[in-house]
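Next comes just one chain, in structure tokens: the form predicted on its own.
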């Protein structure tokens, strides 16, 4: 990643982990197995990968009113992403789950810098300032 990326902080907190980048929208209701953290939905770019301990990067969330429960259950089972980065603001239910689980979220990542992140690259996410950068 070249330099820090500035987005909009949605959920406060700071976390670091390897990037898991999905080309598709993610729904925590149905796309992710809460017992394992494995992506089981029809998402070719990340199918079979685990969100556990990752900075989950995706263009936008596909949500439902119950998505917060699934994200929170991922946390309760210890299978949650440590942070979320999205191009567009996530659904309110995803934000609610992230608040309950203490998962920082940064959104509104500019299209021009979207391709600067690579799978497995260690990222640091600051949901308070909205900054995403290479982890030190």
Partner chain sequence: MRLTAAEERMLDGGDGPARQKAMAGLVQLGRAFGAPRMVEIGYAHIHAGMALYLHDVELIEDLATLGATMAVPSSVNIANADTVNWRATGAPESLARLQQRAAGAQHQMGAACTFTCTPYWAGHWPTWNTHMTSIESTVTIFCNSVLGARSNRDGFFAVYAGITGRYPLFGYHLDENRRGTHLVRVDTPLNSITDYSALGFHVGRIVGEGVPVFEGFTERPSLDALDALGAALATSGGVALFIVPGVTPPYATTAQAFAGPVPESVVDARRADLDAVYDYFCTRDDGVFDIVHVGCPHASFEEMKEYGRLLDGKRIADGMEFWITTSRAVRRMAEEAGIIRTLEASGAKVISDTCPISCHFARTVSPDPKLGVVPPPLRSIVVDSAKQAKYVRDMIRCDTLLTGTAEAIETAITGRFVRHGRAA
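Numbering follows the first chain given and starts at 1. Remember, predicted model here, so these are calculated numbers, not experimental data.
As for the form predicted together with the partner chain, it is not shown, yet the points below apply to it.
Is the partner chain in the model of the complex close enough to 8, 64 and 99 that every residue in that trio has a heavy atom within 4.5 angstroms of it? Result yes, every residue of the spot touches the partner chain.
**Report entry** The single option of 46, 34, 109, 82 touching the partner chain in the model of the complex, heavy atom within 4.5 Å
**Finding:** By the 4.5 Å heavy-atom cutoff, the listed residue in contact is 34.
Can you tell me if residue 72 lies within 4.5 angstroms of the partner chain in the model of the complex, counting non-hydrogen atoms only? Flag for residue 72 set to yes.
(Q) Can you tell me if residue 12 lies within 4.5 angstroms of the partner chain in the model of the complex, counting non-hydrogen atoms only? (A) Taking the distances in the model of the complex, the answer for residue 12 is yes, it comes within 4.5 Å of the partner chain.
| query | Any chance residue 93 has a heavy atom within 4.5 Å of the partner chain in the model of the complex? | reply | Yes, residue 93 lies within 4.5 Å of the partner chain in the model of the complex.
How about residue 77: is it within 4.5 Å of the partner chain in the model of the complex, going by heavy atoms? Because a heavy atom of residue 77 falls inside 4.5 Å of the partner chain in the model of the complex, the answer is yes.
* Asked: Looking at the partner chain in the model of the complex, which residues in 106-136 have at least one heavy atom within 4.5 Å of it?
  -> Result: 127 alone.
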